[in-house]
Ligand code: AMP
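What follows is one chain in structure tokens, specifically the form predicted on its own.
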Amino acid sequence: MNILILGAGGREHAFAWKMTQSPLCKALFVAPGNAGTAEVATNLAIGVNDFESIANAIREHAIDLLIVGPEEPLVRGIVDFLRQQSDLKKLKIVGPTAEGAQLEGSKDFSKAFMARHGIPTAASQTFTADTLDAGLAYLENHALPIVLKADGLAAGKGVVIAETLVNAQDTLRNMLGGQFGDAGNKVVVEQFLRGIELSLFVLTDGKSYKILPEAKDYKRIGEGDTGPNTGGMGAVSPVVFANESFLHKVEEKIVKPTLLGLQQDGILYQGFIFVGLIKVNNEPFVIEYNARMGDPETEVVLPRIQTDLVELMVATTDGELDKLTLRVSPQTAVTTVVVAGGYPDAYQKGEIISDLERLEEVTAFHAGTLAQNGHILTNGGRVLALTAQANSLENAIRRSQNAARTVQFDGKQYRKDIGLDLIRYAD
């Protein structure tokens, strides 16, 4: 079958890499893609929010299956738009409608959804510019630290953990004052939960589901989880502190109620649900939902999946996931993300990447790269995700870190402690 993947990051390269391993994959396209996807697929110079051009590409290349990688086109309604095209009725799409994508697109929506369906999460209230005074008063009477979240999509920058009342109140004023544009028209103020975080990934066809391998990612730029948040500096799967008992609690208290809640609310959801979790005193709580796979978690989750990925995607769109068996490698996967100098603030593009050919025992997933004049250049903040698999966490860490040391470009940065905090749990 002919397959199109929307997106340009490491997540999309990982999907493309995995799908080319399937005998069902006849032709593969990525829009817009990067230098890595160009090695395994045909890149199309189309933006992920250019719905008309996407529809035309689907027609031109006789696409049978569409995978939507990033969140923005889902929240904007790419699935709804394509479903309205009378000549694309047979197109198989992995991704929720705009209504389902509101699990990620609106923090207020997801909080109300969890409250309605009894899903454990931090206590919260939502405020707007019209209720700013009530919000400021609410903060005065709330324990610190406290979490403030812009309601809409804010490129991963719309969450602040305020340690002081002054910081909390200033943050609320700024968010409601237009700091994040329309994304901050509502602000969710929620209780701070103290625990350890992980991510769980669910694939659902609207009725049945498969729980994919869990992962832990590393958001902050600096070692020891210091400095500003990024899109993700690395990830590990499996997560050693998520034992069978804990994951059973997650399935019973979160996964099943979430899927049942979608059905009760009349939302047909066919695609991935990323459940951001925090483990508090051995109990799971939902921090957030995403309506797609995470990045860089995809780069450690997909390499561990042994079931044909194209088969899984087709079963998702056909409502037949219950007919497949999910096979997962017992090996540990670790990815180290190599980023541009200055990231996550202003950073350089156009630096020549060298020594990729020297990499051993890893898969190099391209994130922000561009092929030009015989060179591969940096073209984003996150440049490469270097994934290693091994029979132990320590060996996977070593291989991934060796690769991060090997690859070269001016201004290169990476964290040298990815996964090290988990070794104590593994012992």
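The first residue of the shown sequence is 1; numbering continues from there. Just so you know, these numbers come straight off a predicted model, no measurement behind them.
There is also a form predicted in complex with the named molecule; it is not shown, and the following applies to it.
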L212, heavy atom within 4.5 angstroms of the named molecule in the predicted complex: no
Contact between K253 and the named molecule in the predicted complex at 4.5 Å, heavy atoms? no
Contact label in the predicted complex: K219 to the named molecule, heavy atom within 4.5 Å: yes
Contact with the named molecule in the predicted complex for Q191, defined as at least one heavy atom pair within 4.5 Å: yes or no? yes
Out of L153, L312, L259, V147, which one falls within 4.5 Å of the named molecule in the predicted complex, going by heavy atoms? V147
The named molecule in the predicted complex has a heavy atom of only one listed residue within 4.5 Å, and of E223, D265, D80, E197 that residue is E197
Candidate stretches 284 to 292, 169 to 177, 312 to 320, 89 to 97, one within 4.5 Å of the named molecule in the predicted complex by heavy atom: 284 to 292
Would you check whether the named molecule, in the predicted complex, lies within 4.5 angstroms of a non-hydrogen atom from each of K107, A122 and V159? yes
